[in-house]
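In the block that follows, a single chain appears as structure tokens, in the form predicted on its own.
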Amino acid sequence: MESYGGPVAEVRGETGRDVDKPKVVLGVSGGIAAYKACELLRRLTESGHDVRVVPTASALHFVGAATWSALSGKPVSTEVWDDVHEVPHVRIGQQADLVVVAPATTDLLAKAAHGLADDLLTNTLLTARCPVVFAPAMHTEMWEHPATRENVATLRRRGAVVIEPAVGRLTGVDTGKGRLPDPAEIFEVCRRVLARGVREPDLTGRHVVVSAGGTREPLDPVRFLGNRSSGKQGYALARTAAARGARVTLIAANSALPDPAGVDVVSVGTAVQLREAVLEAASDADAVVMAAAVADFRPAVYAAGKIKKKDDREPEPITLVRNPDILAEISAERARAGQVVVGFAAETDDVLANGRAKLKRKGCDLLVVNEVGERKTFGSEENEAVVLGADGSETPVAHGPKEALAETVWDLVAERLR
């Protein structure tokens, strides 16, 4: 069996059995962010992928062929005329399990959308029958131009995953949307797309809102009422939705996790702030997933100065008031017809019974119920849950990575959106 014109790369498993490495084509187009693709290449190769780098001629002005060859262990070419007897302009795309272009410039996106093939990378994109991921990087004005937006829409409609650029420092003194997402986060998108195989990105064209983290209700300038939520499950939901083609708005409450690639992040602190952000984002959303741990109560009075001990006297009682019930509100007043609303229920006892009661009380379509505790769920990389449906369905999710639960949630959401 041949791959990229040479023998298939193999790795030896723990049992001594040789297994094929997933074959990835890393396309690099001519933008200043090309140097960041070196980090993406390193992550792909070190995680057991067989990677061939296909740069454009312009990309080699930023990072030379010798660098790509040394990091990938494979020859690098931009031309269809090199090694013609191996027909690289056809074989590379045909034999790939994934093609990822990072950075993808305005010019590259335009060529891909219009089927142009004037170099090895654009030929590879036309012959690929595997999932394709584009990670755009360009100035804000280029990203926002109607021509670019139409090209992106065309690529997404054809099944490609086009990651939303990050917001941040661009070239020179410019700042805005158009920055290449962090290579570690692009890698996570690639890993999830590869895991799904050749299935179409079923959330393409959908806008989804995910809340994550835990709200904090301030008592005074230094203290707050909070919870143990790390935000990891919500971030897994956001990353997974992006890998399935969705436009994702992540409402993050007090999380220190890195922004997922292709996700618009809105940072909030309190339950009231979370409500305002969710209602605004949900106005045009196809689905809202409330994974954040929202405080049920907040102090009735905020102390302007630090609350101090006074001799040996007991502290004054803290009066609490109810926070708004965001899940019940958005379930009762859907912003658009057919909007799917998903809630989370963290329970410590009578998990399913309490979950069924909460599902009925909140009025959402799906409720993810899990048992929590000091050593369960919060802060962990893994989760275990049962997803209850308003239609009476129950979908158990075995103990495993939080992204596995995220995939199940989006499977159920996609089913209802159809």
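In this text, residue numbers run from 1 along the sequence as written. No experiment lies behind these values; they were computed from the predicted model shown.
The form predicted together with a small molecule is left out here; the points below concern that form.
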item: 4.5 Å heavy atom contact with the small molecule in the predicted bound form for all of A292, D296 and F344; value: yes
item: Contact segment among 42-50, 65-73, 386-394, 357-365, judged by heavy atoms lying within 4.5 Å of the small molecule in the predicted bound form; value: 357-365
item: The unique member of I92, L125, A285, I326 whose heavy atoms fall within 4.5 Å of the small molecule in the predicted bound form; value: I326
